[in-house]
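Presented below, as structure tokens, is a lone chain in the form predicted on its own.
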């Protein structure tokens, strides 16, 4: 209970400060493109009942699906290449060539090959996030204390047991950190993907409101995007505290 209050109170304070600054800026500028927080949130809650809620759920599904696929692909590959030097030496040149390329440039090609539905958007988000998870996991696996591995081997542990009981627990905190960082990237790519020939999702909602100069709805969409990111980030932070309690001792 004390740990929960330690986390909630500072975040609640930060939210209040941001809302106050937003209110002061809106009052000072008096511009239609910058409604105050009370107006924006009232529109947000009203729009959630009119259709924004559906857009929110679709975007949530796309982001979560992409994060789960990225985790399922990036973590095993990262663990494997991080511990198997021969494989790492073979694949490293390809990784260093592909990783710096901004994957969002493949958006037109992905849409042509996979269509305009969920599959294309999930694939594009995964294409970006999986590299972040893979690279972090690989570097973490490389840094595992060799003395611990030698101790396990001396006790008769096989390779699979070493991966499960030594390498994976040692890498887990960094993997979860990569997931938190990747969640922000995923939502940014989601916005780009949903503004491209899409008829549903928060990105589409935002673009439609923007093109119609409905600034109150624009901010309702922004709040929706922020809420989605906050929920995912908070959930991953909660998971880390539960799965890696030694990190908070």
Partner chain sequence: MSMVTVEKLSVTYRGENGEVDALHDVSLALEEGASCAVIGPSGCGKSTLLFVLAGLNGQWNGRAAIGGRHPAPGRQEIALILQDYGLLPWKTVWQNTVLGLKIRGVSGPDLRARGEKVLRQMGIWELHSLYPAQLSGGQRQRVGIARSLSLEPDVLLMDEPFSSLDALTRERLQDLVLEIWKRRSLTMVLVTHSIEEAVFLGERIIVLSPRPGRVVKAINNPLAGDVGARKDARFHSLATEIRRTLVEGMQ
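Keep in mind that this is a model prediction, so the values were computed, not measured. Numbering follows the first chain given and starts at 1.
The form predicted together with the partner chain exists for this protein as well; it is not shown, and the discussion that follows is about that form.
With the partner chain left out of view, the stretch that reaches within 4.5 Å of it through heavy atoms in the model of the complex is, among 70-78, 127-135, 106-114, 148-156, 148-156.
Comment: the partner chain is not present in this chain, but in the model of the complex one of 176, 141, 122, 166 has a heavy atom within 4.5 Å of it, namely 166.
Although the partner is absent here, residue 95 is not a contact residue: none of its heavy atoms lies within 4.5 angstroms of the partner chain in the model of the complex. Within 4.5 Å of any heavy atom of the partner chain in the model of the complex lies no heavy atom of residue 87. Along 51-66, a non-hydrogen atom within 4.5 Å of the partner chain in the model of the complex is carried by no residue at all.
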